[in-house]
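In the form predicted on its own, a lone chain appears below as structure tokens.
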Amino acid sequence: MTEKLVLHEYAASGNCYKVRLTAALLGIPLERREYDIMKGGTRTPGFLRDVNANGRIPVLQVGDRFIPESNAACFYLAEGSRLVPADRFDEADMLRWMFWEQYNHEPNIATLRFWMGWVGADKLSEVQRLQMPGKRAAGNAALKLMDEHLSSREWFVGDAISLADICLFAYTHVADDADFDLQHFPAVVAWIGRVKSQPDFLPMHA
């Protein structure tokens, strides 16, 4: 990649971490620009005009072009690499898990992590408090499905780590921040260990 890569991010976000981890595993240098989402850093007129009109991060800047959405940014970095399966079916299956992560996993586990760790239980709205039991049930269901899938295999797709693993790892390995008990999911715990043992693994808070 010859164009300069800039990651517009909030470092504590799992979605932003996915992009950093993908780049680290592939040895791709990124320039990082931090925004404080708790102080409206992604809602300023300049950000909305110049980076992402949707007001969200991460955004991967490639030269003077911008890729919002974490999994799309990961795919841009990894296409043609060892993190994208060569087999066409396996590649589609990888994308299936990446879509599933955004629709079934992240909206529950990541949302509860943010509510509990950043907003605070005493500051949640009535609507948020009412949603918590459903999100916890859905989060545990997602972890159970992952555990069952991993009970007979090391990686989500094929026989090697792929973007499916990276995108699911980001919020799964910090699920205890939202009081999910990962010890109920031993295959997931073992898989977390395998991801962390990868050469050039980058911890979330590095």
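As the structure is a computational prediction, the values presented were derived from the model and not from experiment. When you see a residue number, it is the position in the sequence shown, counting from 1.
The next section is about a form of this same protein that is not shown, the form predicted in complex with another copy of the chain.
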Phe75, Phe89 and Glu106 all contacting another copy of the chain in the predicted complex, non-hydrogen atom within 4.5 Å: yes
Heavy atom within 4.5 Å of another copy of the chain in the predicted complex: which of Ile67, Leu143, Leu30, Ala178? Ile67
Contact with another copy of the chain in the predicted complex for Arg136, defined as at least one heavy atom pair within 4.5 Å: yes or no? no
Give a yes or no for Val62: in the predicted complex, does one of its heavy atoms lie within 4.5 Å of a heavy atom belonging to another copy of the chain? yes
Contact test in the predicted complex: Met38 vs another copy of the chain, heavy atoms, 4.5 Å: no
Is it the case that Arg96, even though its partner is missing from this view, gets within 4.5 Å of another copy of the chain in the predicted complex, heavy atoms only? yes
Restricting to 122-140, the residues within 4.5 Å of another copy of the chain in the predicted complex through any heavy atom are Glu126, Val127, Leu130, Gln131
